[in-house]
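Shown below, as structure tokens, is a lone chain in the form predicted on its own; questions about how it binds or moves come after it.
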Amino acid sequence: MTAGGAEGHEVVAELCPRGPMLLRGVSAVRDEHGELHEATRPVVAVCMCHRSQRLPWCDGTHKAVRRD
């Protein structure tokens, strides 16, 4: 996955423990298949458990995933 920011804007990534990656300042996210997804919000949550029904975006499914 890659993320691109708008020109002149800093991109900040924050990995939430057992949750999504929050990206601030991105304009788009490219998924593992090369598809580009436009970021329409100032902060977007990217799924890290790979079980979201809205990939690459987090839909909260990680909350229901069994934790070891």
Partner chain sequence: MLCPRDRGPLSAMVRLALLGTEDLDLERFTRLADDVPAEGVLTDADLQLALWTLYEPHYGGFEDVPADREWDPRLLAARGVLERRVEAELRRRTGDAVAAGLAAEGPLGERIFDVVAADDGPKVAAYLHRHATSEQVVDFLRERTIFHLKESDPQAFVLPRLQGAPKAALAELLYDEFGGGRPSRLHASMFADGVAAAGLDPRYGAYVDDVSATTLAVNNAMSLLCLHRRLRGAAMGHLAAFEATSSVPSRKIAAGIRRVGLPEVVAAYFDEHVEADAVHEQLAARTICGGLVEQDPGLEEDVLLGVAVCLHLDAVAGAELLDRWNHGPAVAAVAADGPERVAS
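Positions refer to the first chain, counted from 1. The structure displayed is predicted, hence computed values, not measured ones.
What comes next is about the form predicted together with its partner chain, which does not appear here.
Mapping the unseen interface onto this chain, Arg18 counts among the residues with a heavy atom inside 4.5 Å of its partner chain in the predicted bound form. Remark: Arg30 does not count among the residues lining its partner chain in the predicted bound form, judged by a heavy atom distance of 4.5 Å or less. The closest heavy atom approach of Leu22 to its partner chain in the predicted bound form falls within 4.5 Å.
In the predicted bound form, its partner chain lies farther than 4.5 Å from every heavy atom of His50. Contact annotation for 25-61: residues with any non-hydrogen atom within 4.5 angstroms of its partner chain in the predicted bound form are Thr40, Arg41, Pro42, Val43, Val44, Ala45, Gln53, Arg54, Trp57, Cys58, Asp59, Gly60, Thr61, listed in sequence order.
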